[in-house]
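Listed next as C-alpha cells is one chain, alone, in the form predicted alone.
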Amino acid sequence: MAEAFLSDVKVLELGDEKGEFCGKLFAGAGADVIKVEPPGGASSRLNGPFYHDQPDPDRSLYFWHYNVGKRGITLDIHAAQAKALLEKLIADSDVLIDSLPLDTMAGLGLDWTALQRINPRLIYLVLTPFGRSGPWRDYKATDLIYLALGGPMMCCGYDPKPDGSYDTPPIAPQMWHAYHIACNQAFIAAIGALIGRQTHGNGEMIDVPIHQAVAVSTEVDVPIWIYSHKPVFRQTGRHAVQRITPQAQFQTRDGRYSMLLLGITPRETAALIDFLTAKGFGNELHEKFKDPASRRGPEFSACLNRALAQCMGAFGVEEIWREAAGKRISWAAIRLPEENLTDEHWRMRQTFARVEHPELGETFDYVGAPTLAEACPWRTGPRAPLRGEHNQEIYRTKLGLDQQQIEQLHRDGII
C-alpha cells in the first residue's frame, strides 16, 4: 500500500473541541498527531453519548470520533515544570494546533516570537472564537452562537408562508458544525503552509477565527445581500435563495420521505415528466404543458408537485429512487443515518471503516475516508487514546525521561 499523504508530518494538538476535528483530519491524512490533555483528560471526554450509556472519560463516543488515529499524553501545561517539556514537543513538531483560550500560549511565555525561536519551521494554527485582534477578540461563543451570528442558521429551516413571512424559527445545522467548518479551513491552510515551507523553509502562523470561517460559508446568502441588498428565503430541504422554489420533499407510501432536485434544464424537466408519465402520474403535465416554454411559473410547479406527491405516495422510500437515478434524474430516499452503514456504494467508497477497541474486545464502525486517492490512502485508526495512554512511550523515547522522572511527574500531578 502507498504511504499516506502526510506520513512524515508531526502534529501537536493543544486545546478543546474547537480544534479536535483539525487534528483528526491530519491523523487521517497520515500525520503523527500527539494530543496533549490535562491530567485526568480533556473536557471533551465528558461529552456524551457514552458507550453502553455508562459515563466515563474513556467511553465517550464523541471523543472516540474526533480523536481516532491520534496518540495521547497528559500534561499540565500551566505547571512550571511543564514548560521545558512542552518546548521539546514543539521543537519536534511540524504543526501546532492551538485551540486553547485566547492568549494562553502567550501567558506561558510561548507567543509566536518565542515559538519561532524554538522551531523556525513550525506551522502554528490558532483557532479562536473571533480572532486575535479586533473589537470582538475577547468575546466568548459556542457552536450555536457561531452558526447564528455567522449566518448559516438563517439559511436553514422550513418553508415560509405564501406572503414570505415565517411562523417557524431558523434551525441550526448539525451539532459542532461551526468547528467542522473552521477546522477544514485550518487544515487546508496548514497544507498550503507546509507546501510553501518546502520552498522557503520558514514556518508560519495562521489565525483562524471560527466566526470568520463560518461567516464566509453561507453559500449565496452574503453575496446576494452585498450585491443586491435582498434577503434569501430559507426553504424546506433546499437552498436558501431569493425566490420560493418548488417543493422538493414528498411523503412515500411507508410514511418516509423522498427528495427530488427538480429539473434545472429543459432536458432534465422533460426527462422527469416522461418518467412520471411512464409511472402513470404525468398525464396532466403532458396535456397542459406540452410546450417546453410553458414549463415554468406557479401553475406548472403546482401541477408537477401534485404528480410527484401522487407518484412518491405510491411507492416505498427505497423502491423508486434507484430507477429514477438510473435515468439520470436527481432523486433520493431520505435515509436514517444508520441506514447508510450497509449500503454497498459507501462500503466500496471506504466511507465507513472498522476500528478495533482491544480494551473492550470489540470492533466498531467509524466514519472513514472523506476522499479517495489511490496514491495517498486515508488512515482510519487506531482508536482514540485512553487517558495518558502514550505517556510512557512519548516521555521516554521522544523527551528522554527515565522511569523515575516520569513517576515523579505523575506524583506531582504534572502528567
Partner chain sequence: MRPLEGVRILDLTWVLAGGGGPRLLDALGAEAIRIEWRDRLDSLRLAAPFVGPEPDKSKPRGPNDPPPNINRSGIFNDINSGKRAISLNMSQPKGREVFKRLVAVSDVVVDSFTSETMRNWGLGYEVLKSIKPDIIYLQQSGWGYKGIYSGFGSYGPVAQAISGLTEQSGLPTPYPPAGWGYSYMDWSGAYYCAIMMLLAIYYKKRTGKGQYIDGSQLEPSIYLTGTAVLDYSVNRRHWQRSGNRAIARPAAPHGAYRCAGEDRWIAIAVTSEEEWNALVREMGNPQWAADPRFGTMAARVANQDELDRLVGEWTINQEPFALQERLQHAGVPAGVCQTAEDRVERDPQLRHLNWLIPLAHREIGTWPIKNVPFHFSNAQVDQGGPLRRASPCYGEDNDYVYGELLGMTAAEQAELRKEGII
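Model, not experiment: these values are computed from the prediction. Residue numbers count along the first chain shown, from 1.
Keep in mind that the form predicted together with its partner chain is missing from the display, and what follows is about it.
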Interface membership of K290, its partner chain in the predicted complex, 4.5 Å heavy atom rule: no
is_contact(E204, its partner chain) in the predicted complex, heavy atom dist at most 4.5 Å: yes
Considering only heavy atoms, tell me if A302 and its partner chain come within 4.5 Å of each other in the predicted complex. no
Verify the contact flag for R306: yes if a non-hydrogen atom of it lies within 4.5 Å of a non-hydrogen atom of its partner chain in the predicted complex, no if not. no
Please determine, with the chain shown alone, which of 97 to 105, 218 to 226, 273 to 281, 308 to 316 has non-hydrogen atoms within 4.5 Å of its partner chain in the predicted complex. 218 to 226
Picking from T245, Q81, N119, Q249, the single residue whose non-hydrogen atoms come within 4.5 angstroms of its partner chain in the predicted complex is Q249
Sequence-ordered list of residues in 170 to 185 near its partner chain in the predicted complex, where near means a heavy atom within 4.5 Å: P170, I171, A172, P173, Q174, M175, W176, H177, H180, I181, N184, Q185
